[in-house]
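Okay, here we've got a single chain as structure tokens, the form predicted alone, with questions on binding and movement later.
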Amino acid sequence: MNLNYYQIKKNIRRARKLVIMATNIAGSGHPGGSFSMAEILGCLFYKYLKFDPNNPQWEDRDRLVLSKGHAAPGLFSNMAVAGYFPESELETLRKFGSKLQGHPDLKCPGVEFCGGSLGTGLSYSVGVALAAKINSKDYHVYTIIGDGESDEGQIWEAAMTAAKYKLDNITAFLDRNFIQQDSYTEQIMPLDEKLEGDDLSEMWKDASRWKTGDKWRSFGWNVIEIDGHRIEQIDAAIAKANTTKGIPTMIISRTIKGKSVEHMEDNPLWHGKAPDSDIVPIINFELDSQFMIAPSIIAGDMTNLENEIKKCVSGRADYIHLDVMDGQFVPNKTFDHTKIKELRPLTIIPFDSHLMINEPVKHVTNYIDAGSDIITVHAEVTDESSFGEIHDLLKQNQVGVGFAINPDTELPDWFYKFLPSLDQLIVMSVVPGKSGQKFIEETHAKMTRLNSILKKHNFSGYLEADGGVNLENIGSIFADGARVFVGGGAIVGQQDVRVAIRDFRNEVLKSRRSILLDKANELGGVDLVNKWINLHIIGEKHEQIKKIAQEAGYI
């Protein structure tokens, strides 16, 4: 089964926006913990969980137990996206008579556990898993616990019990975001090592300080440690857990409280606090402005692509761009599906196969089988019929659907009907087939115009800039509406790929902050600008954003 990367990613974004809407209307709730587990829920709901929203009590369904019940808005938002009830029902969160209360309640069909008192969810899961074993049922129990609730002794009693009874039908996730209600976990009851000060990067980035996994191993669990916001890592961990026999699995997921909204990230104040109404439109724009960096390996050593892949992995690329050229559609030739199949075992990072080839409909199956997570074909070599066939084949195989247009190509009229289900639109900013070209400046206007068209046609995917992207222009390309950036010579061609990707991210971050300040000024003038700036209190964010606002003349 393929990763289903883009569909999961789009649903996660949709669910996060519903959390913001629901907690704002309710005037209370827990967005921070809902966002830290967002990718975990996304992978479960949209790939692994067996469920039927039209029959919530289906006997053979998998069970999802949210032990950290205060993060109920995150659960409810995903249930709405998955079809259990209309998304509009989230407007009733925490209201009298609503089935969507501050903690999960069995009054809501599809909820498996009343997550009130913390520390009890794993015990409940043990009972459900034991019942499955006794009744010879093959459903799986997935449980999400918080690191704050791991202060409770009952968690560890349940851990011993699950190991004793060899409950390999339990997979638990520890949402390791380092924050609980009162402060940072390592200042209250350390699971790893005591944290001095409030610099969470000490804990998050220094593997020598991670002790939690050893604790769970000593209790007899299979332990997998991951970045809890990397979809491909969550996917691989669940797949491994599901094939592990005779022992329960704990997936320790290092996460960020409030992930995807800068002022909420790593901020204990957003453990349980609702966003104000004047801030909501800015947050929603920020959620729509998440971005990805995709190195193109053909800019490296073509005789040693394996090494180029490894450099992209160590550089923490979001995904890897594979330029397939056949020497016909473009004059140059690179590699085909056989090489991609050779490279695939080197990493679980998503592969984006950009097919610059003639008659892609004849070859697309080979690229699916080779392990591509996203496949992009060109407008110039497809028509409505052939692209329709490619589109349906990719969707059936849970592969992201991409469409590319050359610098002198416009979207064909027949293509508009595909926009609502398209995952990725590549706008070529160089003539395809050659490396080292400069960004075509007319692409700025083209992207801005396209971005407006895409919004009108319910495009929920990602606009990608490919060709000539570098540190000098990436900020302005982001402002044009691009959210994925392919880097060839500016990333893979550099001595240190990790530094190059980091610098790319920093430039986009500056541009995004500037645009968010523009949005605040547009909506509420200097008062809202100052309010937005003052929400950013962690680390150096406040001074950095304040400086951008001063340079723009807002304060």
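Residues carry their position along the shown sequence, with the first being 1. Bear in mind that the values here come from a model prediction, so they are computed numbers and not experimental data.
Omitted here: the form predicted in complex with D-xylitol-5-phosphate (DX5). The next part is about that form.
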Handout entry: The unique member of G116, P407, P420, G436 whose heavy atoms fall within 4.5 Å of D-xylitol-5-phosphate (DX5) in the predicted bound form
Key = G436
Handout entry: Position in contact with D-xylitol-5-phosphate (DX5) when the complex is considered in the predicted bound form, options M428, I477, L100, I293, heavy atoms within 4.5 Å
Key = M428
Exercise for the section: Give a yes or no for D466: in the predicted bound form, does one of its heavy atoms lie within 4.5 Å of a heavy atom belonging to D-xylitol-5-phosphate (DX5)? Expected result: yes
Exercise for the section: Please check if G524 has a heavy atom lying within 4.5 Å of any heavy atom of D-xylitol-5-phosphate (DX5) in the predicted bound form. Expected result: no
Exercise for the section: Find out whether any non-hydrogen atom of D323 is located within 4.5 angstroms of D-xylitol-5-phosphate (DX5) in the predicted bound form, and reply yes or no. Expected result: yes
Practice task
Consider I298 of the chain shown here, and say whether it contacts D-xylitol-5-phosphate (DX5) in the predicted bound form, taking contact as heavy atoms within 4.5 Å.
Solution key: yes
Completion exercise
Exactly one listed stretch (88 to 96, 351 to 359, 159 to 167, 139 to 147) reaches within 4.5 angstroms of D-xylitol-5-phosphate (DX5) in the predicted bound form by non-hydrogen atoms, and it is 351 to 359
